[in-house]
Ligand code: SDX
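So this first bit is one chain, no partners, the form predicted alone, shown in structure tokens.
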Amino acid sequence: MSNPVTLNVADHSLELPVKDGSIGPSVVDIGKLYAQSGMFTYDPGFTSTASCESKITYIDGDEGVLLYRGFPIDQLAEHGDFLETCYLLLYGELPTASQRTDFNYRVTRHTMVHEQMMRFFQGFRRDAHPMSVMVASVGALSAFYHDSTDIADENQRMIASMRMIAKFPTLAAMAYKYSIGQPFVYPQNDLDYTSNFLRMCFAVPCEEYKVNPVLSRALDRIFILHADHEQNASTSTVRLAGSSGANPFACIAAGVACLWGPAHGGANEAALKMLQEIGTVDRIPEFIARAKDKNDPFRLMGFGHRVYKNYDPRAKIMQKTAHEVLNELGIKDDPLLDIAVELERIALSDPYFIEKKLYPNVDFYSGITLKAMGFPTSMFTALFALARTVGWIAQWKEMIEDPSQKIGRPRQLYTGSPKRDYVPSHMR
């Protein structure tokens, strides 16, 4: 532990302890600040606040570093697979061969959902957004699987975790099929996690569906890149909901709802729409000029990041993945990719972008990749939620098992009316 820091408040000084992480910045413990000074801290958006202690994910935004349990994201994406990453996030270590076989078996055997969920889906309008369906159906799992909602029972927490990792792809595929009016496709146990999901999305009863291994591997890599990202908005939502003792299915549903926002999980959809709005490479200068104009509401989507002040390490992997998918599908001259490549070149060389540190982020390429695979833009955020489920669960599980955990209760800077007396209506 580092030396404490001294804070001068009014006519006295306070000593605040400093805690050190294994890597990254230290934190000033202000847990007793209000009791000792009568003051709160003010940090809108929590940009300088560590809301918890965690051993799961580390980000160095200045250096462009992302680690899952200490492992660099590029190594996991290049050499591992998504279920191996799930095991790592949940249990803290990469699985042995036998642990991996057992984990994959348990996930695979939990992929089916209760048959009555079919009737639940029929209550939605046929044009319902897949994310609205996901928020409702994930929350509804607590009604179908109430034998795994006791958060004090370690075994029930494990079963709930496995169920959500396994059933989320099935629910996401069902949401997609429902939105396009096609019959649901049951999971198939002889397929790996991502191949099974692709089949549930794109197979139809009238013909055999063969999973393209290049597309499966690309989507698996996308899932790895999105599996966790420290204390982002949706993860913080899951932790806050979980701090009240809510069941895990309700907590994950809260995370799904938060992720739906365009500033969070909807960013890849927004980036693709921006590329479509630009239309052709020759119009890029016009939009660059608009992006630099403070009086123009236009913003370049897919550039910059709340945390990363360097090149998003996930974007490098996604760039390679996008090219692999487009080459596999024979898409040589995709106008959106041409625009994306030119925008990236400008962003990495234009002094304005360099000064503002507006580097391409993971959303920049993932939207193009998912579109090429055949997913509509309305499904992009649902796929993000599918990948992030394991991160939410790992973070929720860590919070529940933390003996210092207490219900989240932020305070505020009140700027409303001071105390005043009620006036009867005839005297107002």
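By rigid core we mean the largest C-alpha set that fits within 1.5 Å across both forms. Everything numeric in this text was worked out from a predicted model, so none of it was measured. Position 1 is the first residue in the sequence shown; the rest follow in order.
The same protein also exists as the form predicted in complex with s-citryldethia Coenzyme A; that form is not shown, yet it is the one meant from here on.
Novice: Is it the case that residue 352, even though its partner is missing from this view, gets within 4.5 Å of s-citryldethia Coenzyme A in the model of the complex, heavy atoms only?
Specialist: Residue 352: yes, in contact with s-citryldethia Coenzyme A in the model of the complex.
Novice: So, residue 229 and s-citryldethia Coenzyme A: in the model of the complex, are they within 4.5 Å at any heavy atom pair?
Specialist: Output for residue 229 is yes: heavy atoms within 4.5 Å of s-citryldethia Coenzyme A.
Novice: Although s-citryldethia Coenzyme A is absent from this view, report whether residue 263 comes within 4.5 Å of it in the model of the complex, heavy atoms only.
Specialist: Contact with s-citryldethia Coenzyme A, yes.
Novice: In the model of the complex, does residue 130 come within 4.5 Å of s-citryldethia Coenzyme A, counting heavy atoms only?
Specialist: No, residue 130 stays farther than 4.5 Å from s-citryldethia Coenzyme A in the model of the complex.
Novice: Looking at 367 to 375, 381 to 389, 48 to 56, 33 to 41, which stretch has residues with any non-hydrogen atom within 4.5 Å of s-citryldethia Coenzyme A in the model of the complex?
Specialist: Heavy atoms within 4.5 Å of s-citryldethia Coenzyme A in the model of the complex occur in 381 to 389.
Novice: Can you work out whether s-citryldethia Coenzyme A is within 4.5 angstroms of a heavy atom in all three of 316, 332 and 340 in the model of the complex?
Specialist: Per the other structure, none of 316, 332 and 340 touch s-citryldethia Coenzyme A.
Novice: Name the residue from 273, 309, 320, 100 that puts a heavy atom within 4.5 Å of s-citryldethia Coenzyme A in the model of the complex.
Specialist: The option sitting close enough to the partner is 309.
Novice: Between the options 283, 146, 106, 299, which residue brings a heavy atom to within 4.5 Å of s-citryldethia Coenzyme A in the model of the complex?
Specialist: Looking at 283, 146, 106, 299 one by one, just 299 meets the 4.5 Å heavy-atom criterion.
Novice: Does any residue in 278 to 305 get within 4.5 Å of s-citryldethia Coenzyme A in the model of the complex, counting heavy atoms only, and if so which ones?
Specialist: Contacting residues: 291, 294, 299, 300, 301, 302, 303, 304, 305.
Novice: Would you tell me if residue 352 moves between the shown form and the other one by 2 Å or more at its C-alpha, with the rigid core held superposed?
Specialist: Yes, its C-alpha moves 2 Å or more.
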